[in-house]
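Read the single chain below, which is given as structure tokens and is the form predicted on its own.
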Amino acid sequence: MTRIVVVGAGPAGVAAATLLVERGADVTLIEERAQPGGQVWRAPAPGLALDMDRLLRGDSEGFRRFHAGFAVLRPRIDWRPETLVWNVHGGTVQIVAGGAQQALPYDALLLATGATDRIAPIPGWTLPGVFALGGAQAVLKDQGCLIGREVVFCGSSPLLFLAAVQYARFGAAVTVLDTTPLGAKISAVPGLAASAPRQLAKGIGLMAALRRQGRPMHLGVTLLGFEGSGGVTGVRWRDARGVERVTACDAVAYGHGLRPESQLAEIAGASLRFDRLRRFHAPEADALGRCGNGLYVAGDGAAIGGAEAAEVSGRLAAMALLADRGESVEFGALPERLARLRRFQDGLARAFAWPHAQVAALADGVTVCRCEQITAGEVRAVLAPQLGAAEVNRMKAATRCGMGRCQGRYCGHAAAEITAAALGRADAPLDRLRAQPPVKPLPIASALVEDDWP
């Protein structure tokens, strides 16, 4: 029997595992968290009676359907929660769970690793009380807690409005500062309406809900920095007319959309392609998620698409895997459905743009890598011709930018923008920090010895 390992138990991973099990496959499903769901269907911590109907409103039925489906799937698979996949090598996934490490062999590997918040460093972004947008949402969904009572949601992401509405439902005073102008959103509407009108209506509804509640919402702003000493106390920004303002707060939820978690895919042998629209790298795969040599990718770890696209892509990747094993499958309308949903995300990427020019021009004194405390000026200094750091990985070696706990997840994109601008390559495809194991820090208790490393 073919042994299939699926990494990630969000909508894509669970959809893939479900279809594979239905076709008689031997499936191991690995999840870093204790519970399935990913970010979108994240369940509260066990024993926490969080009102999910209040939190999710129109999405609560999808939440119930996902977790009911997983309850049926659970006894039919080798379920590995709280397990970190830190490397892929020699036909095995190398994992750590419960302080012990193990190598699991596979015949086919399907990666549904999801996405991570993308952050543009600005003055004060390392202050206590400044959260990534996804992190702020996770605190509410997982623990039923608010990051503050007066929260500013800022950056350029459709998640700004969803997270702000969810916080408002639980009593927070929220302000939204969106760095992309209204004109960019209006110009994207025809394409969004043509590809996914229901999702467009939902997004417009979130903005309308904030307006009806009298929540401050400003579009086309320029974020100048977060203020405070022991913790964040305000957001300094410039409105679309050029007037500088400060909004008082006790917490900030900040981000510029999402980027694929592609490290494992790269280590497993996938090539990465540069997405010029979003200015990040993603795994090179065909329309069904094939990367070659028994490797498949699905969900936001393959291409940012949202929950519905993740579920569809998980099913398609599983079907492609079965087809490659000689089984009969009918793809039907699923490929076109996925293409349409991803076209919608292309429109969102234009409506909520990554501020690459602002990042490239970041002041020298601003911290880029918070783990190693490396500033933009220190990045630029090693790019001088006489020092020979002519690309982002040489810059990393010279400064340690990207060598900390996050392994470049939060600083890598900004460092690449600064590097490209300093070298006069702002219009060329960006360099990227190359992935290497372990993809995340390992506990000392895992007691890795030299022979365990490839």
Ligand SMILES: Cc1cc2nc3c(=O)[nH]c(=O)nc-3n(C[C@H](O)[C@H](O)[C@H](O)COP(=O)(O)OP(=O)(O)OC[C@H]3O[C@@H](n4cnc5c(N)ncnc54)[C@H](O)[C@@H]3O)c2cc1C
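Numbers for residues come from their place in the sequence shown, where the first is 1. These figures come from a predicted structure and were not determined experimentally.
Although not depicted, the form predicted together with the ligand is the subject of the following passage.
By the 4.5 Å heavy atom rule, the three marked residues 148, 164 and 232 all fail to count as contacting the ligand in the model of the complex. Note on the partner interface in the model of the complex: the residue among 116, 175, 180, 367 having a heavy atom within 4.5 angstroms of the ligand is 116. For the candidate set 307, 120, 382, 267, a heavy atom within 4.5 Å of the ligand in the model of the complex is found for exactly one residue, namely 307.
Although the partner is absent here, residue 38 sits close enough that one of its heavy atoms falls within 4.5 Å of the ligand in the model of the complex. In the model of the complex, at least one heavy atom of residue 33 sits within 4.5 Å of the ligand.
The closest non-hydrogen atom of residue 440 lies within 4.5 Å of the ligand in the model of the complex.
Residue 299 belongs to the set of residues with a heavy atom inside 4.5 Å of the ligand in the model of the complex. Residues of just one listed stretch (155-163, 181-189, 357-365, 214-222) have heavy atoms within 4.5 Å of the ligand in the model of the complex: 155-163. In the model of the complex, no residue of 328-366 lies within 4.5 Å of the ligand by any heavy atom.
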